[in-house]
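A lone chain, given as structure tokens: the form predicted alone.
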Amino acid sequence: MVRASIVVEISRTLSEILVCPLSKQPLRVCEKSNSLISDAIGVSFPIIDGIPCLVPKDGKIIETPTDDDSLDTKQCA
């Protein structure tokens, strides 16, 4: 349990200086999915063992909810 909180803290510090490799815009930390989110292009980059994986092929497109979907389905809204 302690390790998980360390991972998030490291990610928050890194997220202040890291930018999206595609858009070059700031990233934000999503504790729910343990990832860094690029709001500019709607892509999530995973954090694995405290290391952000910012290789473009590792990014996943975040689906936005439609009128039929609940807001809870959107990652880190």
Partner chain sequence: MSRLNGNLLRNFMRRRSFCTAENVDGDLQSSKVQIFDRHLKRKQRDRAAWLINRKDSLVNTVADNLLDRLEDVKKTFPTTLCLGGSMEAIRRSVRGRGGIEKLIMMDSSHDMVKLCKDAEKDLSSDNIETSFLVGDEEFLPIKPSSVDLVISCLGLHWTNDLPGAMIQSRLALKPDGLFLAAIFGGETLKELRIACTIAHMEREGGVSPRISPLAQVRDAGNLLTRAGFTLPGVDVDEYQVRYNSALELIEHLRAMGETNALVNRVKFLKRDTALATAAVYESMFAAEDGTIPATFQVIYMTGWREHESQQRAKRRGSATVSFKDIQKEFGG
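Residue numbers count along the first chain shown, from 1. Here the structure is a predicted model, which is why all the values come from computation and not from measurement.
From this point on, the text means the form predicted in complex with its partner chain, which you will not see here.
Of the heavy atoms in residue 54, some are within 4.5 Å of its partner chain in the predicted complex. Using a 4.5 angstroms threshold between heavy atoms, residue 63 stays clear of its partner chain in the predicted complex. Contact between residue 48 and its partner chain in the predicted complex is found at the 4.5 Å heavy atom cutoff. Of all the residues from 22-36, those having a non-hydrogen atom no more than 4.5 Å from its partner chain in the predicted complex are 22, 24.
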